[in-house]
Ligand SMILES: Cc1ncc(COP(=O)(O)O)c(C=O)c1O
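First comes one chain, alone, set out as structure tokens in the form predicted on its own.
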Amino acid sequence: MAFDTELLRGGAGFIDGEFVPLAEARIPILDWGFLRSDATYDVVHVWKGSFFRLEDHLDRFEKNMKELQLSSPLDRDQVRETLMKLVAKSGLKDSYVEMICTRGTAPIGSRDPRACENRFYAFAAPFMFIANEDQRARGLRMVVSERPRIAKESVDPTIKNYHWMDLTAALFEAYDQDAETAVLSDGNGNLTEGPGFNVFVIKNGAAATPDSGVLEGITRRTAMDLFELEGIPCVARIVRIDELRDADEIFITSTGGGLMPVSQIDGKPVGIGRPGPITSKLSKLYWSKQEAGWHSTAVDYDAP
């Protein structure tokens, strides 16, 4: 079914080889991506008309499919072209763009994943911040969840996945404590990650981020690049929960918002109780460098 381009404005999906309005994008109910959370995905953003670190996201998407023994029906060039067309057809200058490969559907009665026909889906939506404007200005209120992250030996967190039950439960825990988000430990007192983000702690002018039990986020990598550019020490290592509670500054990183400050942990202020100077400096640098073309791939909005 062909849709008028105007119907795709403001958001578009790519389903079974067709570009459709985002509100009408659907997947088959028998797709194992839905039934079993058997899928991988990646999210790249468009800012001021350009993709940010698109090739890095495609690299990770391909790596994750290989690890899960998935095979997209579209090759890398076709995936890139599809993402470009989604954004161009939607007309979005600032966009959140997701690519997904699912196990797909199996013959009726089969429980053999090798018999499935893998599927590729994608969509472009208006850019989404995981922290709203007020939260970014004052800093997020965060709690340390009592629920540990799914063990890395069970579900590899370096492979982007939809296994979010522990993360969702942690969010409800945060809401019950009048906080806005949560971070999880590994069950042994070590920091991991939160719902859709990595965490950085800063103490005495030096930064650290967990090196185990976490997604190796593209924005996490970007933050480490910015620390290096600014000559500020930053390492990936084991980070204890006690370090989080004793930090001078804390920020989170996500494609959905870049570098965002945390001003409160478990009801107590972090440092001065508002976004710290290093966090604020790096966050501004993150956006200004993108707008200057750093790691950018422009969208051709006039392409057919």
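Note that residue numbering follows the sequence shown and begins at 1. Note that this is a predicted model, so its numbers are computed, not measured.
Unshown form predicted in complex with the ligand; subsequent notes refer to it.
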property	result
Which of 274 to 282, 22 to 30, 54 to 62, 232 to 240 sits within 4.5 Å of the ligand in the predicted bound form, heavy atom basis	54 to 62
Non-hydrogen atom within 4.5 angstroms of the ligand in the predicted bound form for each of 11, 50 and 123	no
Interface residue in the predicted bound form among 220, 89, 119, 141, criterion: non-hydrogen atom within 4.5 angstroms of the ligand	220
Residue 200: touches the ligand in the predicted bound form, heavy atom cutoff 4.5 angstroms	no
The ligand contact at residue 164 in the predicted bound form, heavy atom, 4.5 Å	yes
In the predicted bound form, residue 34 touching the ligand (heavy atom, 4.5 Å)	no
Interface membership of residue 186, the ligand in the predicted bound form, 4.5 Å heavy atom rule	no
Contacts with the ligand in the predicted bound form - residues in 191 to 205 whose heavy atoms fall within 4.5 Å	193, 194, 196, 197, 198
